[in-house]
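What follows is one chain in structure tokens, specifically the form predicted alone.
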Amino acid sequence: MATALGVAPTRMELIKLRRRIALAQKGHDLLREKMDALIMEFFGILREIEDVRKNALESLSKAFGQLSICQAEIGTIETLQAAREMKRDVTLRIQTRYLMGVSVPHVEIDQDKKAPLPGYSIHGTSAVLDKATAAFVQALAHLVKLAELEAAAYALARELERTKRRVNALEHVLIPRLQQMIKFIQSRLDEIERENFTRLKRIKAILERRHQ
């Protein structure tokens, strides 16, 4: 017999529901553990982002400081000309790694071009230009690392949100619904058992009167 809960009040259905709720509870516990681990990983990356961002800002400040020194020593026009002659193409190698089963990028500057030789003419320039170039290369490395970490944090945040929704769905929707169904079936089976017991007592009483 079907009910408003969409379940038949039978012992077989009760057994099935108890198995389902055991699996749902196990899934909920595993997802809760995953969510806790994701939270720890996420905040760990946020702390790393803070450090790398600080290093990137310091490197950029140092690089622009070296650039100012360079402009003061060899002149703004000469510095701009040297900058135009420099090789500005940067090759990035992007691979995939996994954190808690989440795909995140692993980005690094191509080793062959990690420390590119300046493309400007050595004649008419000085060591300060080399220092400025090296400072900007170092700043670039920090910025690439920062971009990698921020992409990883974004991917973890999305996975964390998905996991949280699944945990909430199990905790507040599926498991309570299964519990309600089990409670209904158990109550109905108890009621049927009482009715059968009462019926058997009546039959017994009738049979006893007939044999008197």
Partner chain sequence: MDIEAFIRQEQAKLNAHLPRERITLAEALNASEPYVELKNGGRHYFDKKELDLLATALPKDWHSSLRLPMLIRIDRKLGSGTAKLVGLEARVAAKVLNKNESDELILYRPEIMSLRRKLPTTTEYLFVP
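Everything numeric in this text was worked out from a predicted model, so none of it was measured. Positions refer to the first chain, counted from 1.
Heads up, the form predicted in complex with the partner chain isn't pictured, but that's what we're talking about next.
Since the partner isn't included here, can you check whether the partner chain sits close to all of Gly65, Lys131 and Val137 in the predicted bound form (heavy atom within 4.5 Å for each)?
Not a single residue of the candidate spot has a heavy atom within 4.5 Å of the partner chain in the predicted bound form.
The partner chain contact at Arg188 in the predicted bound form, heavy atom, 4.5 Å:
Result no; Arg188 lies far from the partner chain in the predicted bound form.
May I ask you to state whether Leu60 is within 4.5 Å of the partner chain in the predicted bound form, using heavy atom distances?
Taking the distances in the predicted bound form, the answer for Leu60 is no, it never comes within 4.5 Å of the partner chain.
Taking 4.5 angstroms as the cut-off for heavy atoms, does Ser126 touch the partner chain in the predicted bound form?
Contact with the partner chain, no.
Test of understanding: in the predicted bound form, would Glu41 fall inside 4.5 Å of the partner chain by heavy atoms?
Glu41: yes, in contact with the partner chain in the predicted bound form.
Heavy atom within 4.5 Å of the partner chain in the predicted bound form - the one residue of Ala155, Leu143, Leu170, Ile182 that qualifies:
Checking each option against the partner chain in the predicted bound form, the one that comes within 4.5 Å is Leu170.
Please tell me which of Ala83, Val107, Leu99, Ile74 lies within 4.5 Å of the partner chain in the predicted bound form, judged by heavy atoms.
By the 4.5 Å heavy-atom cutoff, the listed residue in contact is Leu99.
For 28-52: residues with a non-hydrogen atom within 4.5 angstroms of the partner chain in the predicted bound form?
Sequence-ordered list: Asp29, Leu30, Leu31, Glu33, Lys34, Asp36, Ala37, Met40, Glu41, Arg47.
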